[in-house]
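Encoded as structure tokens, the following chain is the form predicted on its own, with no partner shown.
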Amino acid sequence: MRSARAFLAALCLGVPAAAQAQDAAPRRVVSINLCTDQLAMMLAAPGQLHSVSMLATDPRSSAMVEEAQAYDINHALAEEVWLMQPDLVLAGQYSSLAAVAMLRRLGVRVAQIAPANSLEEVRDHIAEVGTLLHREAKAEALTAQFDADLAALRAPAGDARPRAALYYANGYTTGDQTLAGQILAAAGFANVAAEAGFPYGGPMPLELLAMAEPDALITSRAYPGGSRSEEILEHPVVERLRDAVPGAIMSDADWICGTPKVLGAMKKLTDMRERMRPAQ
């Protein structure tokens, strides 16, 4: 009750909850976004990161479930975050906007990180979060390892490029100007979505998918329970394609966030392309 009264008093008065000069390393960091959760867990100094969002513990969306067990969990609510007394909150550009606005009104420093739409932006976000945490050396080392691993996985320029279709719930597809599309291209595939006029993404009619006749089909992993949006992945057209061409099933955890963990998705696709090579 006393903590709740303190929060309400601070909200009314606009009292800074955990103000700290930006030229000093934050000592108590709270992340309220799945992607900043993972970047912070990779980069933070021991004891620097206090809390990550509940999504970090969900294996359907998070690539770092085990690591997340070491931190307090939050639900991206301004009240609970303020009571943690952070001197830095990491948030996404579009998520929890009401909480971000309230925390800033309370004087809490909040940094919003945009979603990554390319492999280059993965590097940018590592550097950005590394700077916010005053962990530039760690960020440089992580980026160097990412670059080396990416180079090892990237398909040679002269290799044949099988045509692959990305197809998710509601018939959604993603094109070359997306993170998933760039991972697909780096793994050595041509993207059917780009051919069909979806450079960024959008719902692709089943007729277009069928007429495209892709060499490979990559679909999303269904969530538990029933979902009308996912029923399209069981449509006879999709099922026939699955039976006719090589495929892979990706979960959100594979590539929803722009972190070095996306290289796991790239490895999966690279291995699939290697299996598609004609026998010598």
Partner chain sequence: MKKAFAVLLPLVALLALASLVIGPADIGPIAALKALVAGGDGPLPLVMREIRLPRMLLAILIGGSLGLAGAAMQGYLRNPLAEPGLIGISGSAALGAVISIQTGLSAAFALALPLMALAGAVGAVLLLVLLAGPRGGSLTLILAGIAVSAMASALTSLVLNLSPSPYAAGEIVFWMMGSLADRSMVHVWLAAPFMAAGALLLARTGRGLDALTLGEDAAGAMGVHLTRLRLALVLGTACVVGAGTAVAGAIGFVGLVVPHLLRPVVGARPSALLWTSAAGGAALLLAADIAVRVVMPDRDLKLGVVTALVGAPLFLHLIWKTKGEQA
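For clarity, every value in this text was computed on a predicted model and none was experimentally measured. Positions refer to the first chain, counted from 1.
Omitted from view is the form predicted in complex with the partner chain, to which the following refers.
K.L.:
Taking the shortest heavy atom distance, is Glu66 within 4.5 Å of the partner chain in the model of the complex?
P.N.:
Judged by the heavy-atom cut-off of 4.5 Å, Glu66 is well away from the partner chain in the model of the complex.
K.L.:
Can any non-hydrogen atom of Leu206 be found within 4.5 angstroms of the partner chain in the model of the complex?
P.N.:
Yes, Leu206 lies within 4.5 Å of the partner chain in the model of the complex.
K.L.:
Any chance Ala148 has a heavy atom within 4.5 Å of the partner chain in the model of the complex?
P.N.:
Output for Ala148 is no: heavy atoms all beyond 4.5 Å of the partner chain.
K.L.:
Considering non-hydrogen atoms and a 4.5 Å limit, does the partner chain approach Arg27 in the model of the complex?
P.N.:
Because no heavy atom of Arg27 falls inside 4.5 Å of the partner chain in the model of the complex, the answer is no.
K.L.:
To verify the annotation, which of these, Met211, Ala244, Ala70, Ala45, has a non-hydrogen atom within 4.5 Å of the partner chain in the model of the complex?
P.N.:
Partner contact (heavy atom, 4.5 Å) among the options: Met211.
K.L.:
Could you tell me which one of Ile232, Leu217, Met54, Met41 places a heavy atom within 4.5 Å of the partner chain in the model of the complex?
P.N.:
Of the listed residues, the single hit is Ile232.
K.L.:
To test your reading of this chain, name the stretch in 198-206, 151-159, 79-87, 177-185 whose heavy atoms come within 4.5 Å of the partner chain in the model of the complex.
P.N.:
Only one stretch passes the 4.5 Å heavy-atom test: 198-206.
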